[in-house]
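Let's start with one chain on its own, the form predicted alone, as structure tokens.
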């Protein structure tokens, strides 16, 4: 582990500097997501106001507001651009330069993204999490911060990011066939955003469909960490959910190695 950290630490530093260098683009990207988050808030506020009910599918308006902002925060921190980054290197041929270096291809991307995620955590995670806790106190009059749920949420969030990263790397390898992933990557992000509970909580789905979606890897990206943070899972459900995340992480790590070994034998790049 120490050897791995020593080899790939410069990639993390480079990722951090890259995020800092293009800070205006980064700020506008975050601002756009925050705007979408507030649109969701006003949408669900209208749903609860027009319905007149205090709860909807087990969620109060207070729960829904927290769900919206924590799912936004989870999505931002666990976001991975691995699919497009890998696809671009395959398209322009620069992947050939990575392949001749004595490093693991996916580790280079992983540690670079960790640097970018560090910048995100510094700018977005801490202030937004504090804002959510202030809102919870203002809405209920009770300091509802639970250190146990928060720590388990952080563990689940870490697994969420790693699952998302390896899933996107697997998808990025499709550029060996498709050559250019920009359009299909947008479609993939929309589908994953919905299936992960980032748009609508999976608890709102019909019982059978909701059960299936909870078993799929996409629920591990957003829905599971947020439900843990909200305290809507008991201890057995938390352990089962974390176990499911570990399973999907191991699955995608194994899958990406299989795909990589198969693709490099028949690699054809357009650039380089």
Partner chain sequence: MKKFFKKTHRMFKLHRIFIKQDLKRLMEYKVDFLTGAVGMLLTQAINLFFLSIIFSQIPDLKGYTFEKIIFIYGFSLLPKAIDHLFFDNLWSIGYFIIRKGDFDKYLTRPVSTLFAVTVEKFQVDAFGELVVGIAFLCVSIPNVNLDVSFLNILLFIVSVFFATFIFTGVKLITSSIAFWTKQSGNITYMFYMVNDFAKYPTTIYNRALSFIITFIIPFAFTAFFPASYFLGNGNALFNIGGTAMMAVILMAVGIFVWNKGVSSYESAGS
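Because the structure is a prediction, the values reported are computed rather than measured. Residue numbers count along the first chain shown, from 1.
Not on display, but discussed next: the form predicted together with its partner chain.
Of the candidate stretches 151 to 159, 185 to 193, 131 to 139, 116 to 124, only 185 to 193 contains residues with a heavy atom within 4.5 Å of its partner chain in the predicted complex.
Proximity to its partner chain in the predicted complex holds for none of 79, 237 and 250, with the criterion being a heavy atom within 4.5 Å. Of the residues 233, 44, 67, 59, just one reaches its partner chain in the predicted complex with a heavy atom at 4.5 Å or closer; this is 44.
Using a 4.5 angstroms threshold between heavy atoms, residue 241 stays clear of its partner chain in the predicted complex. Its partner chain in the predicted complex is approached by residue 35, whose closest heavy atom lies within 4.5 angstroms of it. Taking non-hydrogen atoms only, residue 214 never approaches its partner chain to within 4.5 angstroms in the predicted complex.
Though the partner is left out of this view, residue 207 does not reach within 4.5 Å of its partner chain in the predicted complex, counting heavy atoms only. Along 224 to 261, no residue reaches a heavy atom to within 4.5 Å of its partner chain in the predicted complex.
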